[in-house]
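The chain below stands alone and is given in structure tokens; this is the form predicted alone.
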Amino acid sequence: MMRPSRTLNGPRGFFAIAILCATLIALPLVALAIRVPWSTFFSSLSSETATTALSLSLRTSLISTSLAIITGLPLAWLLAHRNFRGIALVRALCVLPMVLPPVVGGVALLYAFGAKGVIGSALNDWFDIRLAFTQTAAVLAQYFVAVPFFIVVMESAFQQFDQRLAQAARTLGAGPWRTFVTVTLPVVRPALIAGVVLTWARALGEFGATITFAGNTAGRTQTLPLAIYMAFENGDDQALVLSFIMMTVSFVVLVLLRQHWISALKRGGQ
């Protein structure tokens, strides 16, 4: 079978419009890189505010990503392989945080887990547990906005998985867990890696839900995006340095993910 040419001519004007689109996207990013105060780059990066915020962001984003893996894998598998009444509603609710304004997500979390929330009030009254405006709140906010990305990626991967492989393993005596761990996960590994990294990157960059539900207390709930916001509000050049770091991390993540996406698509098409 002949492959389509990669040099197929598009409609007239497409090239110019594509260049315009790429320019509008790249220009702000290039402008940010140009304005970075390189003379004070390392001193700004090593300041107590920056290191504390970075440490907190890394810790909370890794915890929220781990939580997304533990809870998201079973849910993605069920959405891919089970057909039950209301599945469309469940799927829509699970991906809704992807399109919600992050601040709305923070408000929803506050009314669910805050001191006067549906669940938070019971935790506060019965166990004296307060979640809002704590580091746990930062983890929950990051989880809430990031886990849909993991679910979407893994549901697609599970749908493309050849069930005959799992059935063969079960026929040979492997149990459900062993089949899932030794057969299913290795096959969907490219998508799993892509989903984990994408989820982590989204959690690391979370801002709106975090500032609404966890607050912005330096040294306690101030993650790196919140530190950037405060530095920018104060006219501090540190905002440029930290923004450049976040932009670089996101860029590297997307570049590294490309190969995993390609591998996942190739496996799904086989």
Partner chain sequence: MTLHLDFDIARDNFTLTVNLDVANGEVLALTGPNGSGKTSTLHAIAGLLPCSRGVISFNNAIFDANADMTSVFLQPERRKVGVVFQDGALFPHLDALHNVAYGLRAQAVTKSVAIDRAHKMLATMKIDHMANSRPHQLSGGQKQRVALARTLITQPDILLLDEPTTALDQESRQDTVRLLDEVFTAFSGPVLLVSHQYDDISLLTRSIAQITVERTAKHTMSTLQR
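If you're wondering where the values come from, they're calculated on a predicted model, not measured in any experiment. Numbering follows the first chain given and starts at 1.
One more form of this protein should be noted, the form predicted together with the partner chain, which is absent from this view; the next part is about it.
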So in the predicted complex, are 175, 179 and 187 all sitting within 4.5 Å of the partner chain, heavy atoms only? yes
Residue 82: heavy atom within 4.5 Å of the partner chain in the predicted complex? no
I'd like to know whether residue 116 contacts the partner chain in the predicted complex, with contact meaning heavy atoms within 4.5 angstroms. no
Within a 4.5 Å heavy atom cut-off, is residue 95 in contact with the partner chain in the predicted complex? no
Report whether the minimum heavy atom distance between residue 130 and the partner chain in the predicted complex is within 4.5 Å. no
Sort through 108, 183, 100, 73 and report the residue having a heavy atom within 4.5 Å of the partner chain in the predicted complex. 183
Just one of 121, 167, 160, 136 has a heavy atom within 4.5 Å of the partner chain in the predicted complex. Which one? 167
Given a 4.5 Å cut-off on heavy atoms, tell me which of 86-94, 100-108, 190-198, 167-175 is the interface stretch with the partner chain in the predicted complex. 167-175
Could you pull out the residues of 121-158 that have any heavy atom within 4.5 Å of the partner chain in the predicted complex? none
